[in-house]
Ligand SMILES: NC(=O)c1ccc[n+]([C@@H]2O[C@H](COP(=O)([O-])OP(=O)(O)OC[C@H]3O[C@@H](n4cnc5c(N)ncnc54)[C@H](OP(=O)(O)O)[C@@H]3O)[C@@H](O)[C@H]2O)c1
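Below you will find one chain, with nothing else, as structure tokens; this is the form predicted on its own, and questions on how it binds or moves follow later.
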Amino acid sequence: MPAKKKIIILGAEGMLGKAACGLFSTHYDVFPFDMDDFDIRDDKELRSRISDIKPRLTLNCAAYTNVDGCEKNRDLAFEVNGFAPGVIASVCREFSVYFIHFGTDYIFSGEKSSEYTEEDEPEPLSVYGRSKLEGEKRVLSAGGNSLIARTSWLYGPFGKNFIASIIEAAKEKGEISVVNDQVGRPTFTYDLLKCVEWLADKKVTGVIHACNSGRCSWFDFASAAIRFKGIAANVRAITSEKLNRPAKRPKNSVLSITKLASMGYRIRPWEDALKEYIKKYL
């Protein structure tokens, strides 16, 4: 029996990282690392790990994803989301290791009336968006075989996420308020990772959007979750201005998945993914 291909998963204790460790373990020999193991900004330590393990693939699931927190901690955001991905990409290029990094819809301004393609010019509104864009630039400029998988509105087991919080609040209060003027594509972690595994098998490079199909507002997303869970709660629509959060969000962050579909891969509708998540994990 041939030996399994090796994969290094960075940020292995996060929501995406834990899901990745489970999914990739069926076809790969997984080597998970998180912040307690070593600092991903340390190129010497990273070089040592990659040299010892000799992976086929390195997957970077590590990120500072607290969008509002990034506004207060700009330096940390740019270190983790901007600088570190470039370090990882450079070390992977040095050892000829295929590298996958995750991007975000929040690099766009939200002013476009149609879907954002991979070629559209980014105009981030927040520190989080700017730091993630810096990470993309550094990964691409490092050269090597790298893929940036941009995704949006990520949720799943193993950590805090919008849907879990909404359902908990609905059960406790019976009424919740959710913004209705931001539109995007909710994406289930496992659907994203299955797509990424498919892309990895083909060694796709560059930038590609990977999200569940369909679109909705946060209000629609929350309302569907409450309905699928069977909770008798009132979901009230409010504006982003009324919510008044520290970081500005794009009003339209729908990522086009036409390029992915043209390659022969289709991701199921967000409603189907949400039903599975709620049934299995909540």
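Remember, predicted model here, so these are calculated numbers, not experimental data. Heads up: residue numbers just count along the shown sequence, starting at 1.
There is another form of this protein, the form predicted together with the named molecule, and it is not shown here; the text below is about that form.
> Decide yes or no: are E13, L16 and V80 jointly within 4.5 Å of the named molecule in the model of the complex, with each residue judged by its heavy atoms?
Checking in the model of the complex: E13, L16 and V80 are all within 4.5 Å of the named molecule.
> K248 near the named molecule in the model of the complex, any heavy atom under 4.5 Å?
Looking in the model of the complex, residue contacts with the named molecule do not include K248, since no heavy atom lies within 4.5 Å.
> How about L154: is it within 4.5 Å of the named molecule in the model of the complex, going by heavy atoms?
Looking in the model of the complex, residue contacts with the named molecule include L154, since a heavy atom lies within 4.5 Å.
> Are any of the heavy atoms in N252 no more than 4.5 Å from a heavy atom of the named molecule in the model of the complex?
Heavy-atom contact with the named molecule at 4.5 Å: absent for N252.
> In the model of the complex, does F38 have a heavy atom within 4.5 Å of the named molecule?
Result yes; F38 sits at the interface with the named molecule in the model of the complex.
> Heavy atoms within 4.5 Å of the named molecule in the model of the complex: which of the stretches 220 to 228, 238 to 246, 38 to 46, 24 to 32 has them?
Looking at the other structure, the answer is 38 to 46.
> Of A63, I50, A233, C216, which one comes within 4.5 Å of the named molecule in the model of the complex, counting heavy atoms only?
Among A63, I50, A233, C216, a heavy atom within 4.5 Å of the named molecule in the model of the complex occurs only for A63.
> If you apply a 4.5 angstroms heavy atom cut-off, which residues in 107 to 131 are near the named molecule in the model of the complex?
Stretch hits: a single one, Y128.
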